[in-house]
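What follows is a single chain, given as structure tokens, in the form predicted on its own.
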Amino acid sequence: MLVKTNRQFTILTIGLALVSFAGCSGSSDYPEAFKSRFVYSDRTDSLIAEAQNGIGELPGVKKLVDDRFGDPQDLMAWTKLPIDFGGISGKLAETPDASIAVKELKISFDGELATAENETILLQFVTGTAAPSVVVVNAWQPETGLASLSAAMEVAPAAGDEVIVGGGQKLVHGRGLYMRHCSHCHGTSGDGAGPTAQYLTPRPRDYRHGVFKFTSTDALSKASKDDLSRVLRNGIPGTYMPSFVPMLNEDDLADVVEYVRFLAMRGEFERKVVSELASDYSEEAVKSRRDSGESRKDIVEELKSFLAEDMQDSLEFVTDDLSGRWDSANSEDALVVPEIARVEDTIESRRIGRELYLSKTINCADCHGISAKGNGPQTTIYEENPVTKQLYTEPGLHDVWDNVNQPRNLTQGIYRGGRRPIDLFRRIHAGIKGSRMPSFKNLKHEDIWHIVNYVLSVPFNAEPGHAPVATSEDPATAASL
């Protein structure tokens, strides 16, 4: 393992030789033809070469991404991101005597450092003059915090220097599980372009937008860890996304969640950095500027100045925003919690729910149809692509991945984000991220529950709007919050 540090960030390189799994080697020494690689987005490829690759010592988008996330063989644990990379962190409790060979360190760890008999302990310095060195601990005394090293250190550390044991283990393990169980659909980069993706409808999720559809969080928040874990446990009904409960234990599921979040943050960071450059330095923008009389040489000089003087400030803003939003998604404030308990599921409640469903204010029928079969008039229009400003070539509602989304046929009783009443409440309250399903967060919570009661009754009504006959098999009457 290797630590790299500069004034912007601290990263740990995690050699995947530490893990072995079927179908792929983690070794950096494996033949080049068999190495997996992260791919860059089409938006990065749309930039001029200098913006992509940098100018001299000034990094472009590709190096900025690679330095912070690495590649599948050598992942980077960028510690500013709110990801649980694994390992036990600690700090030097005392500054060792530098006048003699430093072969003992007194360390205070944040957690209990449990080691097996004869296990080699690799202690990595994260901060301080000794970073990024790695030392081997021959003996560890938990009572005193004293670590005896196998060899004297070349550079003496100081009290307060941060260290880590087993750094990146969760990321390495999650990557191995992801490559085995997920990459054939979602792709090595999380771009939704694995080898089987072309045969699947709907398409597998492309994580690089940092957007996940089915969450318990409010409309402006990211997906929480619990949201991603729930999808892994339950799968997504009506799609090819299965439940992984039979194959993965709780620790495995947690590690896959962290790796998926890592891929999502990598993709979103790339998109945000590209956005800092695209308006002036995409191929299209440069062509337009040259048509207006500017020379390519002057444009490249301007880009060089931006990379040297302004890019660091842009990166700080992008990083703080990215880290803050993903971190806050796991807070209680981001969770959609009804102000009142579920309204009793009665015929009257369903009637009110249907009236709201058809009302001009909410107008669910515009997409889902009057008969709730997912055939509303919005499914026949030609939408404008918000990026290209051109009409899509096929009618219907498109998501942020440019896929046509058929509104849910509510008569089938299949709800991809979960069929519990609270799941439907959250879909209505927060909308479905990345899709045309809007948020109705300003709707009274009592009214949202009426709509939930109506929607859950639809599969059991011969004619929507007529009084249903409740049975013991009717989950709308049996289900509870």
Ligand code: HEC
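Not measured: the values here are computed from a predicted model. In this text, residue numbers run from 1 along the sequence as written.
What comes next is about the form predicted together with the ligand, which does not appear here.
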{"property": "Listed residue (Arg436, Lys63, Lys35, Lys444) with a non-hydrogen atom within 4.5 angstroms of the ligand in the predicted bound form", "result": "Arg436"}
{"property": "The ligand: the contacting residue among Ala430, Ile48, Leu424, Ile55 in the predicted bound form [heavy atom, 4.5 Å]", "result": "Leu424"}
{"property": "Distance check, Phe109 to the ligand in the predicted bound form, heavy atom within 4.5 Å", "result": "no"}
{"property": "Distance check, Gly160 to the ligand in the predicted bound form, heavy atom within 4.5 Å", "result": "no"}
{"property": "4.5 Å heavy atom contact, His368 to the ligand in the predicted bound form", "result": "yes"}
{"property": "Cys185, heavy atom within 4.5 angstroms of the ligand in the predicted bound form", "result": "yes"}
{"property": "Answer range among 276-284, 228-236, 334-342, 72-80 for contact with the ligand, defined in the predicted bound form as heavy atoms within 4.5 Å", "result": "228-236"}
{"property": "Stretch 359-381 - residues with a heavy atom within 4.5 Å of the ligand in the predicted bound form", "result": "Ile362, Asn363, Cys364, Cys367, His368"}
